[in-house]
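As a starting point, one isolated chain is supplied in structure tokens, in the form predicted alone.
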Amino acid sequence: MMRSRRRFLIFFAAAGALLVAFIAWPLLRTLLASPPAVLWRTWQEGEVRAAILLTFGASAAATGLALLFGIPLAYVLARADFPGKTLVEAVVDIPVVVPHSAAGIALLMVFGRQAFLGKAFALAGIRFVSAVPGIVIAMLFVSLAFLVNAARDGFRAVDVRLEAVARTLGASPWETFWQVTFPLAWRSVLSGVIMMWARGLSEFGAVVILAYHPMVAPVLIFERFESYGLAYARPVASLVILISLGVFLILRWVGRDAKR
């Protein structure tokens, strides 16, 4: 019995190791191909720094908007049954499966210079084509499902009887949500926040159609590869990988410490 279980675990470990190697090998190969001196010179380029900072900042802004509007939606989907609920959940998930270049076209049809919302926002001095707000809504559109779905699953895992007890003790719906439901579901919400923010960092298709300029890091890498080849694009890719890896290690450490 023990021998059979051991073989089972060895098989699964070997299969998992192959998948990990499939992910790690290209990343390590890219990182090792650019010496530290080259990476430092690349980081000193203003265009590179601006693109990387814009990428991280725009994705954070998109995640903040998703928190503001997605948490209420996730709670409704977790707690309420209503006609068309399945359709609403499908609409939330659609941007994940739609080709993101198609998503960029769809956004352009609504927020473009000649579109109704595009013109309306332009009156307030906000434009989306070739502008930072366009990058933010592109990242928001393609990645909000990660946050909404994770938060919905977290709220579903909270026993409704706990909310009922809080209400019978005199807590208002707002107090019940913030003092009972959200504290019990926050790990799921945090997981969704991290996944959405990370997905926004890698967005290319929708961004390049709606707002090629100013360039985010994925667009800059593509532009350098197309114009000058692999050797010129590789250091920027290495920097993005290194920074992303560092950020995720910190987030993992913070999340593990908070859980402990």
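All residue numbers refer to positions in the sequence shown, first residue = 1. Just so you know, these numbers come straight off a predicted model, no measurement behind them.
Although it is not shown, the form predicted in complex with a further copy of the same chain is what the next lines describe.
Contact annotation for F204: at least one heavy atom lies within 4.5 Å of a further copy of the same chain in the predicted bound form.
Under a 4.5 angstroms non-hydrogen atom cutoff, a further copy of the same chain in the predicted bound form has R29 among its neighbouring residues. With a 4.5 Å cutoff on heavy atoms, V97 counts as touching a further copy of the same chain in the predicted bound form. Shown alone here, F222 lies within 4.5 Å of a further copy of the same chain in the predicted bound form, counting heavy atoms only. Of the listed positions (A60, V38, L54, M195), a single one reaches within 4.5 angstroms of a further copy of the same chain by any non-hydrogen atom in the predicted bound form, namely M195.
Though a further copy of the same chain is absent from this view, in the predicted bound form it lies within 4.5 Å of a heavy atom of just one residue from V132, A106, L190, I126, which is A106. Residues of 236 to 250 placing a heavy atom within 4.5 Å of a further copy of the same chain in the predicted bound form, in sequence order: A237, V240, I241, S244, L245, F248. Between V247 and D93, the Cα distance is smaller in the predicted bound form than in this structure, by no less than 3 angstroms.
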